[in-house]
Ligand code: PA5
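Read the single chain below, which is given as structure tokens and is the form predicted alone.
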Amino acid sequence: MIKFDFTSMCNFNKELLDKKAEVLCKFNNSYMNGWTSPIDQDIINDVIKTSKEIKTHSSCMVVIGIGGSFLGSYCIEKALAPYFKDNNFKVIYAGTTLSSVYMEELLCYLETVDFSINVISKSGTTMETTITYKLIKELMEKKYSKEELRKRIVITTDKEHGALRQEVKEEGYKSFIIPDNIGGRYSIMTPAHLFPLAFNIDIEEFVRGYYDGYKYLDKAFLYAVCRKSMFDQGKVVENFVVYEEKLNYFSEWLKQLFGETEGKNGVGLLPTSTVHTRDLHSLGQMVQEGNKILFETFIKIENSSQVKFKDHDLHNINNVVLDSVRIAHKKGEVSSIMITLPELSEKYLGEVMYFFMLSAAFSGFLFGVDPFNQPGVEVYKKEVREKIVI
């Protein structure tokens, strides 16, 4: 079981607990809560089958997506991958940058290997995804026949609409669907993330763990209440703290999940993150004695590798530091929450992701905003479209 420790929270608003029935009613009646319904086993089987077919002719899969079409699977991939040993099958995540240097080096690399691509965009118009896809497809058309392209291009998009769906119809590419009732940052239990993950992790174990996360619904609401209480007290920043560097991108996923869910109508917490003990030596002073605008959410791993230093277990030293930092920060008037996973595995990552997604949705309703839209991200896109046609 995942453990939750709220004892270091200072004076959270217990009156918000009375809003639980109201929030659950809004949540249950929302059209965009499709991520709580069990995924069809046929979809999982198709994802696994397709990944195995790709492996027969490719040594590399390039996943092209950004934001909610990228961070979920990428953070799980990074959390479970070895530090210094390559995975059995190489998965490259592209489409997250407009750097010409990155693109030049990626195209040069892809010239030397047999590869396939998975393009992920619900709308089919995401700028970074479109540019990356078109550049890589130009290379593929030089390397492979049309028949080969149909084996090597997989598109994950809307069921009926958009440029990518039209391309699937015209070219006969393999495709997966992102359901209408699931938004990007909540789409971890769709082929947008399960397909890239299927190459190197046990996605069936991940799926089982994910749906087990429903048992933490009450804790998810309490977490949302604590977060809203902190905001009301002027604690406008939430710092996600991890003590395992493999969770660095898990923190990035959390930042999108909460930032895009709550940041509307002039409200919402600013999500940030630190990796300890590294960042204790750069930002620790600021947290301990600086401007009291933040609180922290610690993610602790109970059991890990056994490495001895003198008479001590290194992982135990890491966790002693974590516990000591929480105590020190509380003395410095920095409240915190601790979430403890028994181990870093598909099962518990699935569980905790479901917990955080529930809590993000509940937080949105407590803040009085729609937790499932993101109108603000369209503002810069409109500015770009007025200057350049992609």
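Throughout, we count residues from 1 along the sequence that is shown. Please read all numbers here as calculations on a predicted model, not as lab measurements.
This next part talks about the form predicted together with the ligand, which is not shown.
The closest non-hydrogen atom of Gly350 lies beyond 4.5 Å of the ligand in the model of the complex. Pro191 falls outside the set of residues with a heavy atom inside 4.5 Å of the ligand in the model of the complex. When contacts are judged by a 4.5 Å heavy atom cut-off, Asn13 does not count as touching the ligand in the model of the complex. Put simply, Arg152 is far from the ligand in the model of the complex: not one heavy atom of it is within 4.5 Å. When you look in the model of the complex, the only residue of Ile66, Cys60, Leu341, Ile48 with a non-hydrogen atom within 4.5 Å of the ligand is Ile66. Distance criterion of 4.5 Å from any heavy atom to the ligand in the model of the complex singles out Ser123 from the list Ser123, Ser175, Ser304, Thr96. Between 195-203, 96-104, 315-323, 179-187, the stretch whose residues reach within 4.5 angstroms of the ligand in the model of the complex through a non-hydrogen atom is 179-187. Residues Gln256, Glu260 are the members of 255-278 with a non-hydrogen atom no more than 4.5 angstroms from the ligand in the model of the complex.
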